[in-house]
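Quick heads-up: it's one chain on its own, the form predicted alone, in structure tokens.
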Amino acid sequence: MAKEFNVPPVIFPSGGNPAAPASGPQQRRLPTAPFQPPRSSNPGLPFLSFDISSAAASTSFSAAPQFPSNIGGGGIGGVGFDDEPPLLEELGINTKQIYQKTLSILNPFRINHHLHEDADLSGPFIFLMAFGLFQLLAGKLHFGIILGWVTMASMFLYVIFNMLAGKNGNLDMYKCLSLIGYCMLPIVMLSALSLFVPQGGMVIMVITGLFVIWSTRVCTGLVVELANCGDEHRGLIAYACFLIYMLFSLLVIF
């Protein structure tokens, strides 16, 4: 025999029971219209939904920003473009000094050694690039060889002189590189002249000997005048310089 349980009735809220009949007429909600942005005041651009003139009027920037004429500002001690030094001076390149040193090399009988007391590498670099360019015009690619040989020649002259002078030697590596580079000017002229002289003849041999003696004399005189105890070993210094410039002249001949 089945046992009966007293289940309390379930009461649904109003409108919650879909099966229950509606107690009153059904109230429908009117659908709300979708959001529509305000129409643009410019009929030619219908896709714009805002007023450009009003937006421009409401902006917080009333005028273009103004910058001071000087970079650093006049109040804090800055300088403008007119007061800045030239670019070559900032790089340490003195064109007037290079020109005067070049003129002193051109006269092997009257060398002004005071000009070469301030060593630099700008002039030697120009001469070495010119030497490589003339060799390139002759069909020889010697840029790397020239730069490498100049470095080795400077080390060779530096070691030879300081071994001869001992503790009294004051010739540094930087000054050796500057002197050898400036005295390369006759070799550069020889390289330019060799473009118009037949190779392998007696003429080019004689001209090469004259230019090598020119470079040797100038370099020896500068080393003796600028370094201490150089006059005592003039012959050995001249021999070392002769070997250096003879080596570079072989690039021109062969």
Partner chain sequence: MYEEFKSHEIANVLYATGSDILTAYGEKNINISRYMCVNNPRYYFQVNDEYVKNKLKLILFPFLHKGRWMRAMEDDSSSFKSAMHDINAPDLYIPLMAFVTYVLLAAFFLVLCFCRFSPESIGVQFSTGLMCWLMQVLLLEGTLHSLGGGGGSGEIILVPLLDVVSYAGYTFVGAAVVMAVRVSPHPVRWAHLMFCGATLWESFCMGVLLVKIVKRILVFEVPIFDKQMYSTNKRNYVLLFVAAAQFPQLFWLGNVH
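These numbers come from a predicted model, not from an experiment. Numbering follows the first chain given and starts at 1.
Keep in mind that the form predicted together with the partner chain is missing from the display, and what follows is about it.
Contact check for G166, L243 and L247: all three have a heavy atom within 4.5 Å of the partner chain in the model of the complex.
Although the partner is absent here, I145 is a contact residue: one of its heavy atoms lies within 4.5 angstroms of the partner chain in the model of the complex. Shown alone here, Q97 lies farther than 4.5 Å from the partner chain in the model of the complex, counting heavy atoms only. Looking at F134, you'd find every heavy atom of it more than 4.5 angstroms from the partner chain in the model of the complex. Contact check for T102: no non-hydrogen atom falls within 4.5 Å of the partner chain in the model of the complex. This chain lacks the partner; the member of N112, T151, S122, N162 within 4.5 angstroms of the partner chain in the model of the complex by a non-hydrogen atom is N162. Picking from 178-186, 153-161, 125-133, 102-110 the stretch near the partner chain in the model of the complex, with a 4.5 Å limit on heavy atoms, gives 153-161.
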